[in-house]
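First structure 1, then structure 2: two forms of the same chain, each alone, as structure tokens.
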Structure 1
Amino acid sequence: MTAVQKRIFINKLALVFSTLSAVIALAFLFWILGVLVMKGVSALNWNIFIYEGAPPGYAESGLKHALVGQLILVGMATGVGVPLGILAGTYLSEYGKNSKLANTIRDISDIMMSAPSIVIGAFVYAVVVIPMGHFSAWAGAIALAIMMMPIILRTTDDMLQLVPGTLREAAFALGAPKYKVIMDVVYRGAKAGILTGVLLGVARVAGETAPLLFTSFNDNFFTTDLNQAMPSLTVTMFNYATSPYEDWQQLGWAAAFILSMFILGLNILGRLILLTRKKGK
């Protein structure tokens, strides 16, 4: 075999190997996705949306409590994390710029984005749950908001920086004060990007279980009392799945399916917004 023939052979081998690894990886991932869809869809029925949790063996048991709890928790976290994240991102892009301080904040946020979420839960337990004396929706929402803030901060920062400087200058030239320029020109220019960032940030946080385990804890019944433990899809899924009862496990898969669809939906929506914006330009 000549050197070149050998090279061509090795090339084929290497390409086959990486294709194979892609196939294996995707096979595993689609296996998981398949299980999720099969199990989830077969467990879906209207009762899930009508009834709250019930002891195992009850026909009239559902996930209403967890669905509503999840929405409340994620909603509150979004309400706090998104405005704070956008404001902080605005500071970095419009005021801090490339200063040392701004760059430090960027670095710290980057690290925070990958920090173990269970540690955030432990922190919130110490500063919210212990002083209050009990688990609460507040604690869960705060934990999620802490996770959300750095994500929103970084995307806002990136997206605002994409707005061309000439646009800002044009507005300044008309005599607008800085906050007006930011509100009317910069935010408007970066609208799609920020919205995508928010959607992806919400999606990322909505799937978190660990930070809720000992903050909002869990409850098998419907509640809207923010001062009490609050059920969530993720923790309910965790508890039901590890329970020995067949019907609870079923409900766990249904919860997994509903939550995944919600998260995938947010992700796809975020991508579409970015895509249409790019096309529009």
Structure 2
Amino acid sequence: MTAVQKRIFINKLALVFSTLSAVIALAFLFWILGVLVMKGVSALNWNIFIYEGAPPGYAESGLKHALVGQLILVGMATGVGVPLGILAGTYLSEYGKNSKLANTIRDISDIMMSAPSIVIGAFVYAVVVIPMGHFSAWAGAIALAIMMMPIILRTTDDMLQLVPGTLREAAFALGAPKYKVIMDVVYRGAKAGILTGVLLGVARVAGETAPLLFTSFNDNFFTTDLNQAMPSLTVTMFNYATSPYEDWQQLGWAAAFILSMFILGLNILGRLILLTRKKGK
């Protein structure tokens, strides 16, 4: 076998193994989605959206309390994490550049993105829940916001750096102050990428359970009191799916389906926005 034939053989072998690995991964993905869709769709009904949690055996039992609680927690986290993440990313790209402080912040952000969520939950439990003396929606939102910020920060930083420097120079040449250049030129050029980062950040925290166990805990009844334990779809799903009661297990599958479709939809929307941006260039 010549050297050329050997390289061709190795290339084909690598291609076969790569394709096989991709097929196996996709098979598991579709298997999981298939089971989730079959069990989740069969468990869906209008009672889920009308009624709150009830003891096992009650027909009038649903997930309204968990759905509203999840929206409150994710909404509060988004309200905190998105502005802070975008502002921090703007500082790194437009002011910090490649300074030592900016690079240190980038390294810390990368570490935070890979930090286990349960560690963040334990941290917020120590600094928020214990001093307050009780679980609360505030603590849950803080934990989710901490997890969201590094994703948005890094995405904003990367997207702003992709905006050509000539656009900034042209705006400066016209006499525009730096804040106007950032708001009207840089943000406008990177808005699709920033929006994608926000969607991915929301999708990242929307499916978290571990940090909420330490912070907002859970409640099987409807509440909007932010100073008390707040129900969430993720923790409710865990409790219902692992319970010995069949009707609660059905609600757990319905919760898993709703949550998965929401997160999948956000990820697909983010990819579509990036694809549209690339086609528009």
Partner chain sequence: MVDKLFQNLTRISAFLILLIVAWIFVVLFNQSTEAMQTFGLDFITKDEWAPNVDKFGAYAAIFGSVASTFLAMLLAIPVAIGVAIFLSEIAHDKIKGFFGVSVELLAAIPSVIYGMWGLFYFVPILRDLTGGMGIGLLAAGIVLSIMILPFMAAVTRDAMNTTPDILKESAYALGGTQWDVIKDVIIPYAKAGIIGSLILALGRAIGETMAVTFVMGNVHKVPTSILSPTTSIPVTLANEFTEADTSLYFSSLFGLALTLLIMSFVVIAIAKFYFLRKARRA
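The first residue in the sequence of structure 1 is number 1, and each one after it adds one. Quick caveat, the model's predicted, so the values are computed rather than measured. We call the rigid core the largest set of C-alpha positions that still match within 1.5 Å between the two forms.
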| query | finding |
| --- | --- |
| Form predicted together with the partner chain - which displayed structure it is | 1 |
| Option at the hinge, rigid-body rotation between structure 1 and structure 2, list Leu199, Leu36, Met76, Met261 | Leu36 |
| Angle of rigid-body motion between structure 1 and structure 2, smaller part versus larger, in degrees | 13 |
| Cα displacement of Val23 between structure 1 and structure 2, core-superposed (Å) | 3.7 |
| Angstrom displacement of the CA atom of Leu13 between structure 1 and structure 2, core fixed | 6.9 |
